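Only one chain is given next, in structure tokens, and it is the form predicted on its own.
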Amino acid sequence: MAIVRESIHGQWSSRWVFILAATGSAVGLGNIWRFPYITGENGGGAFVLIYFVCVIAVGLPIMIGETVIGRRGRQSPVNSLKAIAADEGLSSNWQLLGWLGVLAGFLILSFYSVVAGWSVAYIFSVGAGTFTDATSQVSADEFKALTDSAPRLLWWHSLFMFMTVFVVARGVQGGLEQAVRWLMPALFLLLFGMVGYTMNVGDFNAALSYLFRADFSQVTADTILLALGQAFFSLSLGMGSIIVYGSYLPANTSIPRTIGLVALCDTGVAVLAGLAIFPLVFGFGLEPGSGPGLVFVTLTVAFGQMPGGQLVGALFFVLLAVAGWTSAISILEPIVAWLVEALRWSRHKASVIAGGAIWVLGVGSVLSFNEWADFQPFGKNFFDWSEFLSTSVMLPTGGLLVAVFVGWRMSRASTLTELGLSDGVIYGAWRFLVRFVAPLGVFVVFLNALGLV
């Protein structure tokens, strides 16, 4: 028998809005700078194929599971898990899984806001012509000047957190939905525009070969571990974002079909980002880099050399900022939802206080690049420890426990009801993956993140 609950926060007006919101949550800075690089360095098309398999076997089952929890509970991750545990006759300690996701999100947003602030800063730096005819050394020095300046980093961190709080404070339909209705189409438009531009000014054939030529000779055990990790982290799993977004999903929406489209859109953004970035890298004789260096050092040199580079470069960093913004909104939402439910605060009050607390914690990450750079207990600074504890420990643990909860503790009848499936092949395949394959995959990701495999 279906358990009918209604979210006090409202719900998405349609499944397409949920798809935009969940894709916005999944699409972040890592999609745009990390996926293309590790694809090219790990067999191109061979890596893409392995990545797709990992998404289907590990990412999708858990993402579907998180959405099931959210829609079944219709509350914040903490209270959804508490309510479902009570329905199923389970221990109330399962709410700790919700707390794990909320706390991970709190920690992640504190340093994510600092990094996303770099993107906002570079909109103005590139647009002002700072990198016109710049060499690699000049570009590297400019990036170092930004990170070495605590006041500059603090300003951009503050601005980005204000942007995030502003949207979340306005509610589900007035804030989150309106934001993704505009931001996600803008993101795709910018991406397609960048790809079209780089086809004409860069070496598009070299980029295609780098990204998609299947070289299985480069595939190793590390390649599979990278694909597993990318499949898990790129879908924004383990931090409560998909659970809380699922709690706003209309009851008549098919979860499997909807989540499949989200995963497809998320992967599409990553591939398009590679087609936007690497034609410039190869066309202007630059070396592919990893992580922030690829975007903030290598790519700015290309923007400084190409016709119209100031405008194109500024638009590219607008794209990065939008990707970071939509992710940050989804990370803050579970925290705010819980504060509204538990303390009966208004969304405005909850958003401001939660955002302010995260901002304070983020100051530690700001100072890690300058004033506290030499303070490195056990070989990591404040920023590194925040990233390690959240992404290497808390998120994989959360993802693993989500798989256990929906696969082993929720009843077959409950999951069948939320998925809207008959007890046939499709449901059987999902249940097998979420019970056996996904937990094993996430456990391997966890061990790899700890350096144990």
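Fair warning: this is a prediction, and the values are worked out from it, not measured in the lab. One-based numbering along the sequence shown. Rigid core here is just the name for the largest C-alpha set that superposes within 1.5 Å across the two forms.
Below, we refer to the form predicted together with a small molecule, which is not included among the displayed structures.
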Quiz prompt | Contact flag, I108 vs the small molecule in the predicted complex, heavy atom cut 4.5 Å | solution = yes
Quiz item: With the partner left out of view, is F131 within 4.5 angstroms of the small molecule in the predicted complex by any non-hydrogen atom?
Solution: no
Quiz item: Would G28 sit within 4.5 Å of the small molecule in the predicted complex, counting heavy atoms only?
Solution: yes
Quiz item: Taking the shortest heavy atom distance, is S241 within 4.5 Å of the small molecule in the predicted complex?
Solution: yes
Quiz item: Considering the small molecule in the predicted complex, which of F296, F160, F316, Y112 comes within 4.5 Å of it through any heavy atom?
Solution: Y112
Quiz prompt | Interface residue in the predicted complex among S234, S365, Q95, S139, criterion: non-hydrogen atom within 4.5 angstroms of the small molecule | solution = S234
Quiz item: in the predicted complex, which of the stretches 5-13, 426-434, 440-448, 19-27 has residues with heavy atoms within 4.5 Å of the small molecule?
Solution: 19-27
Quiz item: Has the Cα of F405 moved 2 Å or more between this form and the one not shown, judged after a core fit?
Solution: no
Practice problem: With both forms fitted on the core, give yes or no for whether the Cα of P396 moves by 2 angstroms or more between this form and the one not shown. | Solution: no
